[in-house]
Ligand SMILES: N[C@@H](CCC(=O)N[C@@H](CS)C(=O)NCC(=O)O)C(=O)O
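Just the one chain here, the form predicted on its own, laid out as structure tokens.
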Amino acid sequence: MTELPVLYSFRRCPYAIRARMAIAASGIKVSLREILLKDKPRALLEVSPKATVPVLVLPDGEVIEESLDVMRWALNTHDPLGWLTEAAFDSHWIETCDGEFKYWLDRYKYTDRFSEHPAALYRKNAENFLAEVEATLSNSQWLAGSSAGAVDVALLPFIRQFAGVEPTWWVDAPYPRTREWLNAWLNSALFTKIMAKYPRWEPSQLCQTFPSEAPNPQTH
């Protein structure tokens, strides 16, 4: 039996979500090790001392430690949905999302840790990025161009996180096209598959194959 790559993941982590999306879209099978970030297994620390997820360990021992690099690896291996089009990863969208937007998103989501300013101020600063997203989606169904692409997938988990901070506010926020774009992804079969719940991995247990042909239906 061919040895599968090993993916260390945490279900709700936005970086891990984008990596799982690309892996699932590629059709590649991996052995999933679902971890708890507050109790990281020694096996993860041994292959990646920075101990963040996702971490992908290939059968030849190569370790891929960054979410975008995991996406590149998966889609360069097989890209049946054509996500590696146009700008792909060389995009200001990803740079801004992972930089400025993530900075304000963290403060908006974790206001108790950043109590020097009210949540509304952090949200307003994060909305600068959302306004740009909304303007683009008002003229195009996708951020990546004429079809869905790696850029859309890379941004999806972070905009999902933003929308979840104040769901009632988000419903009436002035970003209707962004909501439509987000909901299309969240309601997709692919997203449902990659958000299936897996039990926490223990060293004494076999890894579970991801994506599963019959995922746990409890996806929320």
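Bear in mind that the values here come from a model prediction, so they are computed numbers and not experimental data. From 1 onward, residues are counted along the sequence shown.
Form predicted in complex with the ligand: not shown, discussed below.
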Sole residue of 193, 160, 179, 40 within 4.5 Å of the ligand in the predicted complex, by heavy atom
40
Hey, of 162-170, 147-155, 22-30, 51-59, which bit sits against the ligand in the predicted complex at 4.5 Å between non-hydrogen atoms?
51-59
Heavy atom to heavy atom, is residue 34 within 4.5 Å of the ligand in the predicted complex?
no
Even though the ligand is not shown here, does residue 207 get within 4.5 Å of it in the predicted complex, heavy atoms only?
no
Since only the chain is shown here, I'm wondering whether residue 201 would be in contact with the ligand in the predicted complex (any heavy atom pair within 4.5 Å).
no
Near the ligand in the predicted complex, with a heavy atom at 4.5 Å or closer, the residues from 9-36 are 13, 14, 15, 18
